[in-house]
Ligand SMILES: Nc1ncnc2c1ncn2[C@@H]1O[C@H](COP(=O)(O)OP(=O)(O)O)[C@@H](O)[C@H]1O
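Presented as structure tokens, the chain that follows is alone, the form predicted on its own.
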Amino acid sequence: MPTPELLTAELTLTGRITTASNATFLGTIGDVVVVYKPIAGESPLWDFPQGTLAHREVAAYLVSQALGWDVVPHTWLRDGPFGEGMVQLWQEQDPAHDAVDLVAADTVPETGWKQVLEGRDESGRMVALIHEDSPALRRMALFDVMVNNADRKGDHILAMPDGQRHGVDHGLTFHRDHKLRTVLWGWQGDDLTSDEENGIDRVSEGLNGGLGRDLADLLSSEEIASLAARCARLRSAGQFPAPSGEMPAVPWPLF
């Protein structure tokens, strides 16, 4: 839980993040830098109920906490200058490193990276979408499968100086239908590790206890049931899934 100050002290806006599709602001609570996304600034979507994206962001944080992998920065609901919304601790990422990249197809590194797809850029040159092959990013990929993330773009992955990888922008998650769109397909077909299996088990067990009660304030009962079913399927399959269904496998744009 956030501290009482983070819940009740004045949230002062210092700027707006104009690249976001929904109203997104940079602000401070005391000396703490935060991101604030008011529910009133959410753009209507055809496939997600209106006014629920902030709740889904908080739900994603709760699942991340249950996993114990620190995928999602501290996120909570509170009032702000434009009404109730999602507030998340700002993260200063490493400007010298990107966990996901688009490179010339003939320059893909032989080790340390996974290639997701290959295609032509606007100039007709062959390029490849790649992401790093790291335990932290692999855990994020598994998290995305569990929460059914429909929008894991490259810029939604923050490479931290200490090697941690944080995921942000989780408004398009927890849909009852299969919606997985991600740039993190490099481990499809790989067997789950014992640590990954244990993480899934922690979420499954939590859904029958405190996690389930907390998510009930944020998601519908059908969405929580779908989350439980995805966890069960992952555990039964014992490996990372491959793209399936008619949905595009990657978001657009990729970044």
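One-based numbering along the sequence shown. Keep in mind that this is a model prediction, so the values were computed, not measured.
The same protein also exists as the form predicted in complex with the ligand; that form is not shown, yet it is the one meant from here on.
The candidate site formed by Lys37, Leu158 and Val168 is fully in contact with the ligand in the model of the complex, as each residue has a non-hydrogen atom within 4.5 angstroms of it. Note on the interface: of 87 to 95, 178 to 186, 122 to 130, 101 to 109, the segment with non-hydrogen atoms within 4.5 angstroms of the ligand in the model of the complex is 87 to 95. The shortest heavy atom separation between Pro135 and the ligand in the model of the complex exceeds 4.5 Å. The closest non-hydrogen atom of Ser21 lies within 4.5 Å of the ligand in the model of the complex. The shortest heavy atom separation between Pro73 and the ligand in the model of the complex is within 4.5 Å.
Heavy atoms of Ile17 reach within 4.5 Å of the ligand in the model of the complex, making it an interface residue.
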